[in-house]
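Only one chain is given next, in structure tokens, and it is the form predicted alone.
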């Protein structure tokens, strides 16, 4: 294989660490739903979900080891999706 397309095999230790982090963040999401934060409850849950999705994308989908162009394309796609979701929130908010 060429160096550009070399496989990236992650150690079990690193994968286990990411998995434990995902479990901790899931517990944090559950705790956020139990605490009265008002409007901030949704924003806190979205922030935790963003971190969790970042971990999954970076390690389990191996995006951390992909070329810069792929990461930029992914960022643009996610930013566009966030824009659509944000537009939907504002549409529902101001009806």
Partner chain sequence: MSHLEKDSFGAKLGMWLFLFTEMLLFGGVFILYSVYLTRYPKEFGLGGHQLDLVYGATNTVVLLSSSLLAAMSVTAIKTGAKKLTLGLLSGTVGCAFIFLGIKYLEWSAKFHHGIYPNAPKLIAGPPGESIFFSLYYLTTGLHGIHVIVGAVLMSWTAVMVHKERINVTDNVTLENVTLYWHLVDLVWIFIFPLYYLIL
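Numbering follows the first chain given and starts at 1. All of these numbers come straight from a predicted model, not from anything done at the bench.
Heads up, the form predicted together with the partner chain isn't pictured, but that's what we're talking about next.
Heavy atoms of residue 46 reach within 4.5 Å of the partner chain in the predicted bound form, making it an interface residue. Interface membership of residue 56, defined by any non-hydrogen atom within 4.5 Å of the partner chain in the predicted bound form, is confirmed.
In the predicted bound form, the partner chain stays beyond 4.5 Å of every heavy atom belonging to residue 37. Contacts between 22-36 and the partner chain, taken as any heavy atom within 4.5 Å in the predicted bound form, involve 22, 23, 26, 29, 30, 33, 34.
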